[in-house]
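Presented below, as structure tokens, is a lone chain in the form predicted alone.
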């Protein structure tokens, strides 16, 4: 059967969709790839020339490293995969500078990038509050890498899924116990007894409280082993659509490399 994707919600940073006719292994592969196998840019080295703020240099560098940067996966590569051999060329390194003097709050939008394609994904991330006479002058070096190396390279910040719930009602006596017990309030009494209408089934958390409270065993709760409800969120390095596509491409490339290795044995 052909794999299917039904989009429920889609914005620049978040998405909710149903993946059908897929195995649990593949669904988990998409989740893991989105979290740890899609490379992104993040500040990795910081050259601090002047810092008279209340923050130690290490604390300031840590804050800079956690600022998401817009990334073009077609234009940049991790240092260890770059043809420059570790010399750090424009394909694997981007320089951002920051020069600020108080009194003022310094934001991520104050970073000046040497490459216009690489900017702070959010311009209003607070970095430091400088008081009168305090200064910060530095150069931040961003490198491409993977989320499994460090959380600062994790483009997917909230990626998860659950099996599609299947809830059936048979010979319901309309007592209403399951209606009162459901924590999501998605069960109601219809013309033929208890039922769940429309897309409310997507809200089911498979707690099975409705089945446990039914004294005549009229409620059955199970899950579709081939259908999954996904929720994904990007940190802004990519749009969530790009993140999902890049995750799928990563899985495809890994499977292809594995096939080549097996054929060479």
Partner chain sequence: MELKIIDKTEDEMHLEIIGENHTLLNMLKSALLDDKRVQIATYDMKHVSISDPILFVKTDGADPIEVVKDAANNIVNDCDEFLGVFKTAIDI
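Numbering follows the first chain given and starts at 1. Remember, predicted model here, so these are calculated numbers, not experimental data.
One more form of this protein should be noted, the form predicted together with the partner chain, which is absent from this view; the next part is about it.
A.B. asks: Residue 249 near the partner chain in the predicted complex, any heavy atom under 4.5 Å?
C.D. replies: Contact with the partner chain, yes.
A.B. asks: Taking the shortest heavy atom distance, is residue 203 within 4.5 Å of the partner chain in the predicted complex?
C.D. replies: Taking the distances in the predicted complex, the answer for residue 203 is no, it never comes within 4.5 Å of the partner chain.
A.B. asks: Using a 4.5 angstroms cut-off on non-hydrogen atoms, would residue 33 count as touching the partner chain in the predicted complex?
C.D. replies: Output for residue 33 is yes: heavy atoms within 4.5 Å of the partner chain.
A.B. asks: Quick check on residue 212: any heavy atom within 4.5 Å of the partner chain in the predicted complex?
C.D. replies: Flag for residue 212 set to no.
A.B. asks: With the partner chain taken in the predicted complex, which residues across 230-265 come within 4.5 angstroms through any non-hydrogen atom?
C.D. replies: If the 4.5 Å heavy-atom criterion is applied to the partner chain in the predicted complex, 230-265 yields 241, 244, 245, 248, 249, 251, 252, 254, 255, 256, 257, 258, 259, 261, 262, 263, 265.
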